[in-house]
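Just one chain is shown here, as structure tokens, and it is the form predicted alone.
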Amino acid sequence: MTPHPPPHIANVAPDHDIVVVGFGPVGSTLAALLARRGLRVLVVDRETEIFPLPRAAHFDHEVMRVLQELGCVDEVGPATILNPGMEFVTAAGEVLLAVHSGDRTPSGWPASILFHQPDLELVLRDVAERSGAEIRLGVGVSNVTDRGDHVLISFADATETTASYVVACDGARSTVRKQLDISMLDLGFEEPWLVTDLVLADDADRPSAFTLQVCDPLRPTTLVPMPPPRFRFEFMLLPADDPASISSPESVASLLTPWMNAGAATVERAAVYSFHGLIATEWRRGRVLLAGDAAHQTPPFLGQGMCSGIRDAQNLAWKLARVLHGTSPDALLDTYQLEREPQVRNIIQLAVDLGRVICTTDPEAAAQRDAGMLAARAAGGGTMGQALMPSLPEGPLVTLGAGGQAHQPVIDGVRLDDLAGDRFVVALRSAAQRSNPGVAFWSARDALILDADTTPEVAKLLDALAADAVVVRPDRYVLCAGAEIGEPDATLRSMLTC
């Protein structure tokens, strides 16, 4: 990896701490998280208005935990519905695999939520502005120049500004990524699908309460419930289909006929998209970083595209804040790709694997698939709970066996994350462990120290990890878990200097 100069090596006073390029859900989340940490944030977008149609449709409990941090859970609520799960079914409707979401997760939030993206974006933009981010719309970024101790950002209207760091959240066609000539690694999946968003009539039945993956070799199809009155269908394009005409009203009506009565809905959007599995080879180039679709793109079969981008924001926010507040070195930002890329790669690979199951169009192969999966269900399998996301890999800020999201107990009516704020949390089995020398390291860094003797609710967090001592990071991932809090090694000390 290219060495990065330390911040503020010259007598330059940048106009902003961070410039966030792109004001979609990832950019607005990152801007809000950074501004709430006291940083001077400018977020820019070439568009002046939110895209009026939904694109992403699903987020999970980990994203809900980020919304909790932003204090906007109640505001988001009207734009969401709970998703009871996802079922993979044959053309005849036989269930091949059922993924049931269940009630609550370790975070305390529902596992799976369906939402209307324009409404969510309105809330996130408002939160970013309320948090203190400066917003500039209607102007594109034409160039970013890393000058070693700051970044010069040039805009399409010939104006300029400077920042300590730039984070490009400008989507799959990221102009910043292209300008830096960062390539994308193809994970071997590209399929065109017709995405059709409907507005159901008041008296129309919803085609399904579950997200359905219809594994029909004649036409693989996905059904996605959305907050009323909307509903989404996705149809895989076949070799004989004409991408230019399949989105015509006549073609869409024909595709919907097996599922909907005529007049039961109006088409809000019908457009062909190519589903990809791609990862940028570099997520950081000096003082410029990539996040969201600019860094990775996943097929939609797990509903993890936007979720992955918001995890990027969650991972970056506390690290950027520490670097800019002078409590960690610039090298802390090198852990961003080290942690996030393996996690994203696992998610994309799982989505690709599921996509290959769904996208089977060979009748013989589909029959063999169905027979095997139906036999597994008959033997008592084929039903699973909502899969938790992969853990972060072992590294400077994650010890072996840690890296998952910590449980969030409620303590005296307050959720742990709200109690901790932007601090590390040290959870101990007994009050006697507070005198452990390793705890002093975290206490000196203003960690929230809790023990199960004084705060019994903490035992839930410890029990979930079969540990007597746990350190939780500000992004709620577990840094270490074990019998005690050991003395930090030299690498960790160098990352968290004070």
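One-based numbering along the sequence shown. Note that the structure is predicted; figures quoted are calculated from it, not measured.
Keep in mind the form predicted together with a small molecule is missing from the figure; the text below concerns it.
Among 333-341, 136-144, 277-285, 204-212, which stretch has residues whose heavy atoms lie within 4.5 Å of the small molecule in the model of the complex?
Contact-bearing stretch, as computed: 136-144.
4.5 angstroms heavy atom contact with the small molecule in the model of the complex for residue 90:
Close contact is absent here: in the model of the complex, residue 90 is far from the small molecule, nothing within 4.5 Å, heavy atoms only.
Could you confirm whether residue 355 comes within 4.5 Å of the small molecule in the model of the complex, counting heavy atoms only?
No, residue 355 stays farther than 4.5 Å from the small molecule in the model of the complex.
My question is simply whether residue 467 lines the interface with the small molecule in the model of the complex - judged by any non-hydrogen atom within 4.5 Å.
No, no contact at 4.5 Å.
Would you classify residue 47 as touching the small molecule in the model of the complex, given a 4.5 Å non-hydrogen atom cut-off?
Yes, residue 47 sits close enough to the small molecule in the model of the complex that at least one of its heavy atoms falls within 4.5 Å.
Tell me, which of 473, 61, 58, 36 has a heavy atom within 4.5 angstroms of the small molecule in the model of the complex?
Looking at the other structure, the residue within range turns out to be 58.
Find the only residue in 315, 107, 304, 328 having a heavy atom within 4.5 Å of the small molecule in the model of the complex.
If I apply the 4.5 Å criterion carefully, the residue I get is 304.
Using heavy atoms only and a 4.5 Å cut-off, decide whether all three of 407, 424 and 488 touch the small molecule in the model of the complex.
No, because 407, 424 and 488 lack any heavy atom that approaches the small molecule to within 4.5 Å in the model of the complex.
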